[in-house]
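Presented below, as structure tokens, is a lone chain in the form predicted alone.
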């Protein structure tokens, strides 16, 4: 029997489950969805009577290994910290392993054994990482095989609100994925290379160093650099490229306002606060500003940041940072306390729809000619279950599992979807579900 086991039934899994449920029904395979909470697994399986939902505590070694041994393929939708445990079971029990997460260090250490056993371990096959790899490699391989030289590669991705769903929110932003990751995004030092010169941007300067990215029909967005762009030179076979940069997309004005939160210290995650009972958001903001009882926090901010504009102030005020009500969370890092405020303001309402944007930019040299290639992806969410984020994670991962089960991939080992054998059929399958990049050329 062909058995597929999905571990984890959180908000990012419904599209994956629905996709694979349709495939296993057509192929006569079996699909089991396991979660710590049986009701979570049942929620996404109730419309698919042929799909089995089970409750599974991963701390129960015997039961966990029993289900993994039964499967041909395990798809881990668990937190990244749990991939090491599951992947070790898969290695011990000769079960193939798939995830949308970055390749865990503990998995990387097993690379030789995975290869020796002839197993297929595929990571980074979601949105970012995932679709970014596949769509970029399609162009890179095509241009390189034509003898062309790529001198610039930039890639930008963002999860945003769909047009028309701003809803009075001056940030034009809500949480469409892991809120904590949004608050802590960019921490550390961002590294990239531009025109042959290495560039490093520390966190406190990151949101000042943004660039504009244009999407036809949608307008202009701003992007700040991701933490690590340099390692992608080897991943994409562009070791000697003079310019490579990966970044995160936001709506215009977001970075300027977020930069104020960074400068104040409200995104700091290195210290633990234990604030007195009755502490307000206004008091929290004021605690990060100079002592001056004659001035309001707003006046102090203007004194520290003379060029701050009213639009930015409106964003801060809308978050409630100048309100006198009680904080819901008083213990934790400044970033955790800020997150508790943001989760109330930036949560998705039932009528909200999200959007995923991705754009690749290439400068390609063809002898004495130079061209600029742009490749755009725009995916809109259908509702609060079939979101753009869920679609762009679930469909690529589901397609990879389906195509593997159909025998389309001959390679074995610890892999990324950067091989033509893997990305080409996945991209073709995704086009059937509205996930398709539009390519265009401009003068360089």
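Positions refer to the first chain, counted from 1. Computed from a prediction, not measured in an experiment: that's the story for all the values here.
Another form, the form predicted together with a further copy of the same chain, is not on view; read the next lines as being about it.
- Query: Want to guess which of 139 to 147, 321 to 329, 338 to 346, 288 to 296 is within 4.5 Å of a further copy of the same chain in the model of the complex, heavy atoms only?
  - Reply: Result of the contact check: 288 to 296.
- Query: Of 170, 265, 84, 163, which one comes within 4.5 Å of a further copy of the same chain in the model of the complex, counting heavy atoms only?
  - Reply: None of the other options qualify; the answer is 265.
- Query: Considering 181, 195, 234, 240, which brings a non-hydrogen atom within 4.5 Å of a further copy of the same chain in the model of the complex?
  - Reply: The residue from 181, 195, 234, 240 that makes the contact is 195.
- Query: Could you tell me if residue 93 has a non-hydrogen atom within 4.5 Å of a further copy of the same chain in the model of the complex?
  - Reply: Although a further copy of the same chain is absent here, residue 93 would stay clear of it in the model of the complex, with no heavy atoms inside 4.5 Å.
- Query: Closest heavy atom of residue 115 to a further copy of the same chain in the model of the complex, within 4.5 Å or not?
  - Reply: So residue 115 does not count as contacting a further copy of the same chain.
- Item | Close approach of residue 199 to a further copy of the same chain in the model of the complex, 4.5 Å, heavy atom | Flag for residue 199 set to yes.
- Task: Give a yes or no for residue 79: in the model of the complex, does one of its heavy atoms lie within 4.5 Å of a heavy atom belonging to a further copy of the same chain?
- Result: No, residue 79 is distant from the partner.
- Which of the residues spanning 178 to 193 lie within 4.5 Å of a further copy of the same chain in the model of the complex, based on heavy atoms? Counting only heavy atoms within 4.5 Å of a further copy of the same chain in the model of the complex, the contacting residues of 178 to 193 are 188, 189, 191.
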